[in-house]
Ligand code: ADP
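Just the one chain here, laid out as structure tokens, in the form predicted alone.
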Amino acid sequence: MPVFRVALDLPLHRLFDYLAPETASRDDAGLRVRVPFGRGERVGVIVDVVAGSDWPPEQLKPAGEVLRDLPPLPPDFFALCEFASAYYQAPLGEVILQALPAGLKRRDSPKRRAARPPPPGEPPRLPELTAEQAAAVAAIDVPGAFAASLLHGVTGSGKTEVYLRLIERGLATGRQTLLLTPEINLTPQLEARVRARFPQCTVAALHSELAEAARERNWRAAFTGEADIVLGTRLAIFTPLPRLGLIVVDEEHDPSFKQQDGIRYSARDLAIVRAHQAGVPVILGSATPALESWANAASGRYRLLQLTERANRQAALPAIRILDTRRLPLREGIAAPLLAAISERLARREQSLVFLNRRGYAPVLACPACGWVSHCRRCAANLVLHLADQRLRCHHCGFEQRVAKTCPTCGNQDIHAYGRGTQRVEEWLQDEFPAARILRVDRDAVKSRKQWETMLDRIHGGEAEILVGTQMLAKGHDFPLLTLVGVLGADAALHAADWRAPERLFAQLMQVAGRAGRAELKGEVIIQTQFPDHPLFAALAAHDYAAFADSQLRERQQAGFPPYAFQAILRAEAPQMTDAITFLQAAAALPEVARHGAVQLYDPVPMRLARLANLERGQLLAESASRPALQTFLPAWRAAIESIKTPAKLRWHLEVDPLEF
């Protein structure tokens, strides 16, 4: 009797067997099927059709209706999911089902209207390529065999134009392109540019802010081959594409490509795997590549293509000035030279951006009389003061409460806000420049895609003269009138415990500096710091990413950090830290650890944010100089960990290639 081997969206590392109809065949693999599970019914995916099961026939339940509204999922989709499942130690069923739109996982998926055809229009006039852009386009074969290319271009060098030329080449041969972008907020601008360049083609956008019906419609268009270009965030890497000819990962360094919950995968790394499996070229583009990608280019694993000048011949890279705040008085955290530069831009009707990657009014509210501090009751973090709506909010767990008029401990009415966030800077700048039109851009001011698009229109239309923003404005935007960027509060990352902090800070500062002077108007960047002699700022002022990257890689090689070592982390969370640490100690003492001498385990420790949402969190780092050795160890270790008896409320997971500690 034939048996369906079915993947279900469950945190179990196995597939489920169900009795199949007598008419079932191997052709049913890849179709969705309704199956009984527990007291209810679920929709799963048929991974295989086999002649029999290891389970007795009387223990198998019959499968329900096989859904045939779509063709079967293709073998290359399963190959990618199987790799992700094995490499990231995630259940295959969860990987397969999380890659499908929600509507396809329902028992009764409502009918959806077809994807809208592209509106009529004429292709725009193509800009003239620079010599470096032309060389980059010529170096990549589309369609062609697998090759990984790192496109390192300074901000404004025209990396997107290179992508568009290669997409055009693929379209001419009937091939689809998968274009990944790290953040939803960058999607509207990039999507508009892609649609304008290819008005006769179908472009499907895939990201989590889409309505459920729109996401399913666009996914179907991609899967059936109707969509020529698929533009999406990290989850789009799993989208089946029957005519795939090119994969592009824009801003490949961005940590948003790493999923931080559920199945903890890297979409950038899976893009390399998928391109290799499909035999197509893949491009990783960035002004500040991840050090792992830079090391791969240096070793010859990736081909390095460089754009060293801005595409607009009238636009030069901005001058970067470092202000030593040890010798300068500050007014609300802003030095006089930066205020003078803002005044000059106002007089010239140009735009300025004051960059502070800290939203809210102030990071903490405290009482100077008794020492009370606005701690979050659920996390090992402070509640941030949001003065505009009189709330204290935790930016980690979402807890919030009203701002007290007096100290909750001693009743003192003179409680103070310490530090500053974007709301406080905006308020003070409005007092300093009362006639200026000031626009704050952060996640408190922009809560939807529509609000974001409206705000971008205001900036492009010159309706704002001073922007106060967070990392939402740091990359991917082109504002012709923006000629000044002032950076506040960058020093904290210089001495953070996270060894990736310098890399992230350099990337952030280089990206935000790249917003200045992208058109004919000359740009300037002013960075305030108490450490003006730090090598990071010297490399930044010289626009010398290579020097910074090479120095960081030397340090990592000496310290034995990635990419010269390979890591996985076992994390546990429980109401009590002792339970989490005890579990991790038990995992470290398992016999499987001693059997794999090439893998080293460190002592269990609390995470940096040790308490989150009323749960105490600990972690155990596993490290090896060999990726194959680590990958051999992890499945055996995970299977042994599953046998450890744990408290009812303890939860644990394994993360491979972690970015956060």
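In this text, all values refer to a predicted model and were calculated from it rather than measured experimentally. Numbers follow the displayed sequence, beginning with 1.
One more form of this protein, predicted together with the ligand, exists but is not displayed; see below.
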Only one of 155 to 163, 394 to 402, 200 to 208, 76 to 84 has residues with a heavy atom within 4.5 Å of the ligand in the model of the complex, and that stretch is 155 to 163
Checking Asp444, Glu427, Asp478, Glu332 against the ligand in the model of the complex, the residue with a non-hydrogen atom inside 4.5 angstroms turns out to be Asp478
Picking from Leu338, Ala311, Leu385, Ala474, the single residue whose non-hydrogen atoms come within 4.5 angstroms of the ligand in the model of the complex is Ala311
Even though the ligand is not shown here, does Ile438 get within 4.5 Å of it in the model of the complex, heavy atoms only? no
**Message:** Using a 4.5 angstroms cut-off on non-hydrogen atoms, would Leu346 count as touching the ligand in the model of the complex?
**Reply:** no
query = Does the ligand come within 4.5 Å of any heavy atom of Arg518 in the model of the complex?
reply = yes
Though only this chain appears here, would Thr470 touch the ligand in the model of the complex if you measure heavy atom gaps against 4.5 Å?
no
Near the ligand in the model of the complex, with a heavy atom at 4.5 Å or closer, the residues from 35 to 55 are none
